[in-house]
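As structure tokens, the next two blocks hold two forms of the same chain, structure 1 and structure 2.
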Structure 1
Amino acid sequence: MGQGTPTSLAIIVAEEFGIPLEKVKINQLEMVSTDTNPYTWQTVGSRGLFSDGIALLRAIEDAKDQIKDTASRVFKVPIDDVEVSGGYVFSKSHPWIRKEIKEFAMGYTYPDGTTVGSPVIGRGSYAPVLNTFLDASGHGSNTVFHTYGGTGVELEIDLLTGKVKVLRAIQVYDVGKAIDPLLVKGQMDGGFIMGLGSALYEELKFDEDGRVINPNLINYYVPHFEDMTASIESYIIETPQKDGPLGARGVGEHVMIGVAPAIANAILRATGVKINQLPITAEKLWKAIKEQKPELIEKAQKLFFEEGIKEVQQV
């Protein structure tokens, strides 16, 4: 659960009740405990905030209904005249009649010790109603929402080795509503690095018997800090998702989708060489250039030797 979802959920609670964020506690250990939580599907498809957020909003609404029920008896007003916001519970028709939310958390206690109501425990759940299994022909629906955006890169290619160095990346994604813009940009940066890994480095290798010969992170290469040569510029567009929590939709994994196509297109534009097999390793790219545009390598070799001769002459 490292996607930042608990922080966004805490922000939702704070906004809905109008209380300081530091007053909201999310037990992250309990969130992933199968001893205390019912079954839910994986956090795939960037659905964590979307699904959890909707369930949370329903739980908040349930909690507010309980508070309103107790407050209507305390304030002696109809339940539909009670409002819960801004950290207070108050009468809409008589707004001066109000008390802090915390006074109703365990049920309301009068000065003489008598009580009204009970401890507030909000409950909520969410299950996508449009999801179906996919059949053999590809029909069905396994998505809840769509996140749109794009990625562009600037890169340089060493024609003598085939090594690609990404210099700059620009990402623009419509996230619906950025509940926490800093977290969203962190997800976008992380998504780019994941995309860089699948585009240039990560590859399972097999022997002649079909066994994986690089089953660890020593031989299965993932991007390191020294590989992050690109400056990443991330831009957020907000078009609220009507059925999303506070208008939000997922973004984390979506960002990585455009990285490999952007790199492949940049290579095509720079060299005229088309490569459509991932990862685009230096060896694969060099072979592709050798097959499709051998004159580029010949020109690079000529320039390399000419520069070498110049250096020798200068010495």
Structure 2
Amino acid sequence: MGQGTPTSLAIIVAEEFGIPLEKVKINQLEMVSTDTNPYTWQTVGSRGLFSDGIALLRAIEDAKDQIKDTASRVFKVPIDDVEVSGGYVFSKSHPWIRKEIKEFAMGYTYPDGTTVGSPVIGRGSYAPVLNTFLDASGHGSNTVFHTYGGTGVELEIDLLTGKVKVLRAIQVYDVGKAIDPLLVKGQMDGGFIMGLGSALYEELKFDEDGRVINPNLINYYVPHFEDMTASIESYIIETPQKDGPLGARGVGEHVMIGVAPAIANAILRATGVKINQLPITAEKLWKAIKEQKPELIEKAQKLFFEEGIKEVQQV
């Protein structure tokens, strides 16, 4: 299950019913158990919140309909006149006729003990309707939403060793609606770190027999604390996704995609050296510079020996 999904789902429930967030409990184990729940339509492509959110909104609608049905009988008003929000069930035309939502949770009980209605269990499900497989030419509509955004980096290259140091990163993503902006920001910054790992460090290496020769976290290096850039700016844009839950669309993995191209393009722009293979290790970049722009290395060497040293006295 994605890492912001349960929290975001809880926020949706709290907002829809107008109840405090602490009152909402998302059972994460049940959520992913296909013994008791239907299969969530794929937590891939960062669509966990998208799919679960729409299913949840439908379940909330179903639950509200049951509450409205009971309440219309209790309030003695037409069902269309009943509204559930802000923690209350009330009549739209006579707003002073209202009761707390919790009074309808198990059906409504009159003071004399007689009851009307029944326990409320809302159900909702979702599967995308307009998706197609891709045809032979690679065309089709194989996703329910597209998240747009961009990544920019500022970096430093050590021409003599090929080592790249990313100094600054800026990311802008249109997430439709940030249900929890703190989580979205975390996903964006975290996505950048993951992108940085795949762009510069992470590579499984094999020997002639196909055995992995770097099966540990020292040789298969993933980003560590010190790899974080000195500055990162992540901006959220909100153009609602009309069919998304409260206008939201997925963002988790998308952020990672832009990092490697941004780094490769920054290298290209700074040096004119093209790299089309990840990860861009110092060794790989050094070799590429040597093949494509050897004059840069010569220039850097010249600078090192002539500019830096001439003033220095020997002991």
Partner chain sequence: MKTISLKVNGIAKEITIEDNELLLNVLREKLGITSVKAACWRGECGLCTVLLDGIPVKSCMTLAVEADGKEVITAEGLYFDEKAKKLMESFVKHGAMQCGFCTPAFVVTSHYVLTKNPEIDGEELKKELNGVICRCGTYYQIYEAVKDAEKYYKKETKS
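Fair warning: this is a prediction, and the values are worked out from it, not measured in the lab. Please note that residue numbering is based on structure 1, beginning with 1 at the start of its sequence. Under this definition, the rigid core comprises the largest set of C-alpha atoms superposing within 1.5 Å between the forms.
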Pair member which, unlike the other, is the form predicted on its own = 1
Align both forms on the core first, then report whether H146 has a C-alpha shift of 2 Å or more between structure 1 and structure 2.
-> no
If you line up the core, does L167 shift 2 angstroms or more at its C-alpha between structure 1 and structure 2?
-> no
Superpose on the rigid core, then tell me if the C-alpha of S125 is displaced by 2 angstroms or more between structure 1 and structure 2.
-> no
Taking the rigid core as fixed, quantify in angstrom how much the C-alpha of L134 shifts between structure 1 and structure 2.
-> 3.9
